[in-house]
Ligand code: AMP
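Only one chain is given next, in structure tokens, and it is the form predicted alone.
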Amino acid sequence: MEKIAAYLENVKKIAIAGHVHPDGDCVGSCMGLYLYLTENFPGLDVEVYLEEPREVFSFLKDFDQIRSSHDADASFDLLILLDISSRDRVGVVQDLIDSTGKVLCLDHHRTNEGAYTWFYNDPEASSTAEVVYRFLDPEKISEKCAEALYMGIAHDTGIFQYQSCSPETMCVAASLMKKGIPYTWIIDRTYYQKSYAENQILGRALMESFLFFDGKVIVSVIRERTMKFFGVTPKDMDGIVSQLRNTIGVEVAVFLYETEWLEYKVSMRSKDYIDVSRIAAVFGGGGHVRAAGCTVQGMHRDVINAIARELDIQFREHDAQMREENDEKDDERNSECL
């Protein structure tokens, strides 16, 4: 695999950008690459564009260099898109994709099928931060760059607990830890710690959640008026769906919050066998097998019913597969007895 330097020929000005509503992996991969380029290629003019990230990420070096908009006449030799899942998920530089001569996209979402000058997508990777690491020279990664990449990996693996976390992921994390980063502090500060308002809205979401599909699915809905009452924004919704997923007996967690009148942001997580990216794709969204999302219009009851229909299809498929496997095992046992 070629390193990032191979894509910088005749390049002087670079823009790095991620997806809308940037999460830990998006911010970590964007800032990690930004720091690597600015520290190792001082002749480059590098800018990073993200919708205003959460304040919890502000410990990252050069966090104050993040731009949430660009000049109307902005132009770049190379646009690097990270963790976007699909072209329509690109944030504040959406209009620069077609006007920039060279576009490099690094990702780990199987729903990303866009056309770019260069495209490297590994759906088996734990995170885009892990993918970015492969394009860097480990010897040239600074401590501050390592902090950003480690945070990205930690967030998208649920602190190294999801199935996407591979032995390679752990080796990459270990390599970053060797740079001397405060890895336990990063996890505690950016993943576990919550503001009082975030804890309140989490409590409300848990208290008003409900189960169906014989306890295999848990759903919670937060209306816009509730968000206003608690003084929270979409940024404060992070982590709620994962907490719902921790409920014993639950295979799928579905969390909806109202972004505007009759429009809901839907986040879904699964544990073992439901492919939530299939469901998200039906509604124009995307993501991973075990973590995906979409935006859906309509009354929240109608949205939940529509998602339930898609869940029912997969539960039936799974039940049929289990019956088939059990029948095969019974046949094997019977043949052994004969």
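All values reported here derive from a predicted model rather than from experimental measurement. Position 1 is the first residue in the sequence shown; the rest follow in order.
Form predicted in complex with this ligand: not shown, discussed below.
Out of the listed residues 204, 102, 144, 265, 265 is the one that sits within 4.5 Å of this ligand in the predicted bound form by at least one heavy atom. Of the residues 121, 164, 220, 86, just one reaches this ligand in the predicted bound form with a heavy atom at 4.5 Å or closer; this is 86. Interface membership of residue 53, defined by any non-hydrogen atom within 4.5 Å of this ligand in the predicted bound form, is ruled out. Contact annotation for residue 245: none of its heavy atoms lies within 4.5 Å of this ligand in the predicted bound form.
The closest non-hydrogen atom of residue 288 lies within 4.5 Å of this ligand in the predicted bound form.
Contact between residue 292 and this ligand in the predicted bound form is found at the 4.5 Å heavy atom cutoff. Contact with this ligand, judged by heavy atoms within 4.5 Å in the predicted bound form, is confined among 170-178, 86-94, 188-196, 204-212 to 86-94. Along 109-140, one residue reaches a heavy atom to within 4.5 Å of this ligand in the predicted bound form: 109.
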